[in-house]
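Encoded as structure tokens, the following chain is the form predicted on its own, with no partner shown.
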Amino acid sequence: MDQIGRSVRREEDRRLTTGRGRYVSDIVEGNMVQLAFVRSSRAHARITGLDFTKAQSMPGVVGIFGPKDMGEAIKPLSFGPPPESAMEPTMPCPLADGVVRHVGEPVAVVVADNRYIAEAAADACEVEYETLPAVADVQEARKNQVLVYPERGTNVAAVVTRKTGDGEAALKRAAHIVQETFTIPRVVGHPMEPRAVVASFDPVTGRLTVEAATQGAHTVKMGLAAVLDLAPEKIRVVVPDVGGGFGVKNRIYSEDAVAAWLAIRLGRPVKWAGDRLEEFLATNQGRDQVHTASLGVDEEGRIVALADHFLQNVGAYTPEPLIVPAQTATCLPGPYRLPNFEATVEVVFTHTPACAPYRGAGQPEATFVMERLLDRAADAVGIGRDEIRRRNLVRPEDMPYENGIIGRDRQPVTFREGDFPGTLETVVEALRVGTSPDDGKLRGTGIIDFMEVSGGVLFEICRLELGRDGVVSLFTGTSSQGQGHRTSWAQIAADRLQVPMDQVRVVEADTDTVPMGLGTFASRSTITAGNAIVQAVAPFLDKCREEVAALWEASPEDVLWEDGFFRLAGVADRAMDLRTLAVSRPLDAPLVEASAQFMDANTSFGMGCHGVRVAVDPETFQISIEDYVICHDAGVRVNPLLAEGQVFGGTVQGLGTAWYEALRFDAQGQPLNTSFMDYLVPGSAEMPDFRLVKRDFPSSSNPEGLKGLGEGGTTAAGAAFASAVEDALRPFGVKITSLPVTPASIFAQVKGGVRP
């Protein structure tokens, strides 16, 4: 029963689209209370007083708690060792301990009979502040005139360098040098479902149960154990349906810790479900880099050297301090032959919410910088923008190609398979199809290449269990937020077990079912969980074989597994499938189960090319996308339909950063656009009908040839869109060096004004 490679509709879809999903907000328990947080209205201030008198007298208020009430639980949250562990995380406390460092930081919490009462009471709480100087802009923060942590003496939290060859020195030998300053704005992840958590405590067993909208159940479990001083075995974390994650739900937050602490303190179930404003103020954000980069090429446009110095605004806290800046530095060379490279990043604190991994996690930033520089270099040399890429891409005959940069798996970045030039030609040819109307609009194309980093981050465990009904339950620590894991994992297991898909039941993200798991992030789940599933099948079938042998009073060596049946060697009429085995075993026999752990020691590198054609109105500078072609290498595609959805969805998010999104702060750290009225996100009406061209090269970095593909669309879209718009606006001499590209930003440059 070949299941891998089939475009199967998601098993989850019917339930979710008919309103039968179960999200944290759907959870209702007897005697439950709900929370609302009192949040800081200042970006930097000392808390000098808390007065809850008025709020406490409101009907329906159960209690109001400040940091002093939480006692020893007021300590920095524990995230655990991140993959880039050269810098210790700087974490917030569950409630601000005396000083707030960004607008929206939780100061106190209201417990009430329902959310409406809790919010009204939170508004009635009075907080006295001694306002302190604040800094939100990364370039201003780097001057150290206003310090986020005065005891450090500097806002520069860390400096990371990636280097091969002689970098800056090699630039002097180049025939052409192009230099630009590029700005990638701060953006907000905005999953459809805001963060949420329900916690309950059983005083008899001493067990805490938490249901959370998170990307990593075990991460939350270990974080709660640390902040609450509970033994990990006393905590169970379960993840119900989750409406999107994109990286921003991949950590423990203050609200999780406070809800759990209150469940223990009050002996009642506690719920907090955030709203959209809280996503703007209190959830990790993304991007926010400023690059000063130089690219040198020879007379024929071949790269001589790339040098980049950039700033990463990490906000006031650093739950994952070096992942994004280090990955940006590592990915700057892209899929190109680059003999000399040097990148230095300064990681800078500001009085803004934490800036951490968001879909792509440093790769879109790196791709934007490198691809924009290549466009500039092509113009300087006088060759086509596609031609300069042709001359510099890593070729199939170069592979395995090692570029000299150490990646996140602590090994040199190595391209082992793929065809970058062939992928480029595929997109170039596809974009030539069709003609443009004579309507006075300016048209341009952008064609850029990219690589996608996936996997290379630790392990996942799979446990298979044969139920009494013959259904095989598959348990793993990954956590789907819309990717369709329940379908894909069932496909992999059904394929290797040679059973129908409906005979596999997938259970994810329940810490009671597998001893440890990392969760879903970094385009790693299909690689780690997929290989773990495959590796669990053999020991599972071995145990089943022993059970069959006992029933047949035969030797296990004589029991064969063929086409979904156990057969007895030399006996034609002896056959038994898994369902028959399940009902034939004694009722008091222990369940048949087996586990496997896959350690993903090597990063896989996908690759691809995006080509986009845009039309720009020369009067209003309104932009529309007329064609968008994507060629994306995904290795072995478990489910092509879901793979296509991931690529398209990632591209839409990338276009959001390119076209619409930017969170703005004033000089005092006040966010200026905290609703969808003034922070724009892409809608379906603006998006084109993407065309996907497949050129897949199975990965040699893991046994099943799998690659991640959820972040490649996001990685490429910004650079492709910017290149196309700039190409269309050649008559105006517009140079695009920052995102998002909007009619206002174009108009300001055309008219000689200051870009907003």
Partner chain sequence: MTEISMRVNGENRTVNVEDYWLLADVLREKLGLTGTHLGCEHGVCGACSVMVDGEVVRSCLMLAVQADGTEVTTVEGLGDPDHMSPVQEGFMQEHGLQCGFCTPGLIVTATHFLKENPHPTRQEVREALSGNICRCTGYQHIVNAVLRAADEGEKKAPSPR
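Residue numbers count along the first chain shown, from 1. Quick caveat: nothing in here was measured; it's all calculated off a predicted structure.
This protein has a second form, the form predicted in complex with its partner chain, left out of what is shown; the following refers to that one.
- Stretch-level contact analysis of 241-249, 70-78, 319-327, 602-610 against its partner chain in the predicted complex, using heavy atoms and a 4.5 Å limit, identifies 241-249.
- Remark: all three candidate residues (Arg20, Leu642 and Val652) come within 4.5 Å of its partner chain in the predicted complex, counting heavy atoms only.
- Between the options Trp272, Trp261, Tyr358, Phe540, the residue in contact with its partner chain in the predicted complex by a heavy atom within 4.5 angstroms is Tyr358.
- Screening Tyr149, Phe565, Trp552, Tyr116 for any heavy atom within 4.5 Å of its partner chain in the predicted complex leaves a single hit, Tyr116.
- Using a 4.5 angstroms threshold between heavy atoms, Gln481 counts as touching its partner chain in the predicted complex.
- With a 4.5 Å cutoff on heavy atoms, Val507 does not count as touching its partner chain in the predicted complex; it lies far away.
- Its partner chain in the predicted complex comes within 4.5 Å of a heavy atom belonging to Arg276.
- Contact annotation for Phe648: at least one heavy atom lies within 4.5 Å of its partner chain in the predicted complex.
- Contact residues in stretch 660-686 (any heavy atom within 4.5 Å of its partner chain, taken in the predicted complex) are Glu661, Ser675, Phe676, Met677, Val681, Pro682, Gly683, Ser684, Ala685.
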